[in-house]
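One chain comes next, on its own, written as structure tokens: the form predicted alone.
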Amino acid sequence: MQGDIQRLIEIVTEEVLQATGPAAAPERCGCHAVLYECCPDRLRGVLDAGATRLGLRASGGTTRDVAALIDHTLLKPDATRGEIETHCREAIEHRFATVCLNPCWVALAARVLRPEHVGVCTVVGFPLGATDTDVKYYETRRVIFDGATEVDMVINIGALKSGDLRTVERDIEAVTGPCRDCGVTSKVIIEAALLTDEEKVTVCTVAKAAGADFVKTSTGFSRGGATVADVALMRRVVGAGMGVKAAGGVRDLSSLREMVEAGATRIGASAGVRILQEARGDPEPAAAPSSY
């Protein structure tokens, strides 16, 4: 136990120093022959994470490329069965990566989406992250049984802010373990708006050590959603081997592109249809939903 804690402390300390120390500050571009946004110094972090992530901006991207980035999200508590079914039909029509729904709708969504090869994403410990670890473990096993193919869990934010990294790691492992055993993708929601940069680095490092597949910025239910700065920081910490999901407030094509350029490989959005309308160049896209 003591050895595990010491290992975590050493890893986190190293990552914090690398990500927030002087060396992490972007170098001033000395080459004014190109636009600042094209400066290799500015783009190095994204290039290190995988040059293909620049493709959406550079080429414009097809609507299918855009759709494949999006978890089509409907997490409002008053969503009806009819709205869930409509949301699933939209995912099939537009070929979104997944539909992201509350756990009670997973079985229904799985029946509709499985034959169409659209993933079913759900949330655990949502939206506060304040349930006990064994409850998150049960939630995870239950939603996998019901047909979830991806699970987004909320960390124990209070434990992180108390410096109890072992509890944070156990909490994450309670979800990543069953997901790994069943071939299900796990995502760790860090709720970045509530954290300092040092805490963001710490929890991303712990999530990586706990075997998560993604780190995710936000629930969309706190005081702030995804920011470019947070996505870039998270990408810098986890490297190229993990996914980064930007969620909360991504409501148009421009903001989606900004998140992808910063290092996001998945976008959580309730405005997915509107974003695709923009990508197609439709003259009057539908109004974006006001939440998530």
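Numbers for residues come from their place in the sequence shown, where the first is 1. Please read all numbers here as calculations on a predicted model, not as lab measurements.
Beyond the structure shown, there is the form predicted in complex with a further copy of the same chain, which is absent from this document and is the topic of what follows.
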Residue 179 near a further copy of the same chain in the model of the complex, any heavy atom under 4.5 Å? no
Applying a 4.5 Å heavy atom distance criterion, does residue 221 contact a further copy of the same chain in the model of the complex? yes
Does any heavy atom of residue 161 come within 4.5 Å of a heavy atom of a further copy of the same chain in the model of the complex? yes
Under a 4.5 Å heavy atom criterion, is residue 131 part of the interface with a further copy of the same chain in the model of the complex? yes
Please name which of the stretches 132 to 140, 110 to 118, 90 to 98, 205 to 213 has residues with heavy atoms lying within 4.5 Å of a further copy of the same chain in the model of the complex. 132 to 140
Could you list the residues in 99 to 132 that come within 4.5 Å of a further copy of the same chain in the model of the complex, counting only heavy atoms and keeping sequence order? 102, 103, 104, 105, 126, 127, 128, 130, 131, 132
